[in-house]
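Considered here are two forms of the same protein chain, supplied as structure tokens in two stand-alone entries, structure 1 and structure 2.
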Structure 1
């Protein structure tokens, strides 16, 4: 099902739900948005499990930000603290949980978009009147991302083969080593970018203002249904939580 859905319908869905996730602050509303998005993600056969695994890797970072955030919130009942110093309050904790929910909503949006073929997604953006140059740049960037990761991994291996044991380094040295690792990657990327720009100019990129596409996307019944249902879900959530909006 997921591959037959128009990427523009998915974009619409994701924009509706992510906007709600940003506008509302209430945890219960955010939780409902997350559940709605989860249902859509499963229906569209998105890689929810992989997303959860990736999120787990970032868990420490997220928890760190949550604690940092709640440190600066002075209101509410003190949960953890010494004498007069408030460390974590209940309000802070609730705000942190809200933040976590938002991160998950955005992450799920990413996995829903990722179910589209990249070429199709770019075509969708072009048909939404995004300038072709921008859409093309985005597609080149996305295509080179795995290559970049590969290169980064190779370089990390090469530097260890110089006899440097990364695990035994102090933090300061580790940071310094990362500067060395990024140097070849950045230099190679710039070189490659220059080659690509020469090569696409040589093939007549931007030679004509009017471009046509072999494959043109068409909105089908299923796409209308998906777009309509996301509008309805968003509408219902807004109506029920209207009183929470501070406009």
Structure 2
């Protein structure tokens, strides 16, 4: 099903649900948005299990950010405190949980977009009147992220092969090692970006003002159904959130 769906319909779906995930703050509304996006991701045959495995590797970092965010919220009932000093409150944890749900919504949005062929995605953005340069940069950015994660993974494996067990290190030592890790990853990323820029210039990128395409995307009944259902689901969620605010 995923290969037959127009990427513009997927973009519309992602924009609808991601926007709701960013705008709304109620945790129940965010949870409903996440469930709806998960259902769409399964329907579009997105590789959800692989995305969850990748997200699980970042779980400690995300949980740390959630806890740090909750530390700055002083309202609500105190759950952890010291000498009348509020450290973590129930409102702070709810805010942190909302941040976690937003991260998962955005992560699933990227998974849905990744089900489209890169050439079709570029063509879809062009037919949405986006300049080709911006469409190409967006597609390269989407394709570049897995390479960045792969470089980070290779660097971690190289450190483990040198006999360093990250799980047994103290927090300070872990932070120092991660600081060393990101330096070569960033350098390799910049080198790769330079190589890509040289490659596309050598192939005559932007040689002509107007580009033609052998393939033109057209909306089919399935695409209209997906776009319409996305709008309906977004409208239902908006109404649900409005009713929650009235309670």
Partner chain sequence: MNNYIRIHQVSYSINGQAVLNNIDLSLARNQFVALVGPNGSGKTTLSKLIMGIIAPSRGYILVDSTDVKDLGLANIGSKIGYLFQNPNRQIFAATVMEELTFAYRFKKHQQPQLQQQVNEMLAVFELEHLSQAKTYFLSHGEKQRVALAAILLNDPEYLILDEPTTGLDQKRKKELSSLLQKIRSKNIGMLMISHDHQFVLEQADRIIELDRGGVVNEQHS
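Take the two forms, find the largest set of C-alpha atoms that superpose within 1.5 Å, and that set is the rigid core. Positions refer to the first chain, counted from 1. As the structure is a prediction and not an experimental result, all values here were calculated from the model.
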Practice task
Only one of these is the form predicted on its own, so let me know which.
Solution key: 2
Exercise for the section: Align on the rigid core first; then say whether the Cα of residue 115 has moved by at least 2 Å between structures 1 and 2. Expected result: no
Problem - Per-residue C-alpha change between structures 1 and 2, residue 160, threshold 2 Å, rigid core fit - result: yes
Exercise for the section: Could you check whether the CA atom of residue 99 moves 2 Å or more between structures 1 and 2, using the rigid core for the fit? Expected result: no
Exercise for the section: Please state the CA displacement of residue 194 between structures 1 and 2 in angstrom, with both forms fitted on the core. Expected result: 6.7
